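A single chain comes next, written as structure tokens; it is the form predicted on its own.
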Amino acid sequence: MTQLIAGLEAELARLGVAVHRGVKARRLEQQHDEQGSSGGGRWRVLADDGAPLAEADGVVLAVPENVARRLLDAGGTTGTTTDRVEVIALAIDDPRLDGAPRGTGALVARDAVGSGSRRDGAAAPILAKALTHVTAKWPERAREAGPGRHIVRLSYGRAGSAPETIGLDDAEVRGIARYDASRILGVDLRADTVVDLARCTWRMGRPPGSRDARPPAAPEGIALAGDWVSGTGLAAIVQGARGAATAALSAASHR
């Protein structure tokens, strides 16, 4: 995904587009037209201190739902803890993973049970919903990691339930992720082979048409884009982004 961002930056630079880094857009303000009406006027994007960042006839808000609602001053639901996903990345030094025992990864059934246990006793459930063997899937990541090092990424948090790892400290999360990775990969990973851990949490987009998916009504000249509008997955997001761009260009061409 970072390569997509780098490619977008390069294309914007080629086209002479101004990019403002590290700046938060706090408010959208519609200017009045010659008749004093706000309808059909240009939009001004304002920063924290009220200074204008940009002016445009059409604006695409490719931002999370809560940010879009704040900029549009729109109320409504913006998701709960059950809309979140936590991704745990493990760096593992274990030559048994060189053969990619599960290929590039696997999806896990909701009530899958591992063949071992986190503690003495009955087999514990696998809490992760998916595993990606990053260094098996992307050769560039393998070259960056170096010989013998593997990166695996596990996802926690299914629709309707919060990630099981939320609120736990890194030591607890490391144990859960190592157990789940061992069961999914079919390789009993020792604690000393897990040399690093990283974790990241974000909100999931809700599928369009679901009961809680109610994108705000955007005023003329404003288009919305993102997984919470078009649905998750690159195919849906790209199609939705193209539609938003077309709408913004159409608004600008009618000024």
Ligand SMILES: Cc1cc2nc3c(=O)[nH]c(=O)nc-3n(C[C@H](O)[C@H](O)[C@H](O)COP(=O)(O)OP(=O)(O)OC[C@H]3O[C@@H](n4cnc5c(N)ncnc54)[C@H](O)[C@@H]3O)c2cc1C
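Start at 1 with the first residue shown and count on from there. Only a predicted model underlies this, so the values are computations on that prediction, with no experimental measurement involved.
Omitted here: the form predicted in complex with the ligand. The next part is about that form.
Against the ligand in the model of the complex, the set Ile92, Ala136 and Arg141 makes no contact: no member has a heavy atom within 4.5 Å. The partner is absent here; in the model of the complex, the one residue of Ile222, Val187, Leu28, Ala62 having a heavy atom within 4.5 Å of the ligand is Ala62.
The single contact residue among Val173, Ile151, Leu72, Val85, judged by any heavy atom lying within 4.5 Å of the ligand in the model of the complex, is Val85.
Using a 4.5 angstroms threshold between heavy atoms, Val67 counts as touching the ligand in the model of the complex. At least one heavy atom of Gly226 is located within 4.5 Å of the ligand in the model of the complex. Taking non-hydrogen atoms only, Gly243 never approaches the ligand to within 4.5 angstroms in the model of the complex. Under a 4.5 angstroms non-hydrogen atom cutoff, the ligand in the model of the complex has Ile237 among its neighbouring residues. Contacts between 10-30 and the ligand, taken as any heavy atom within 4.5 Å in the model of the complex, involve Val23, Lys24, Ala25.
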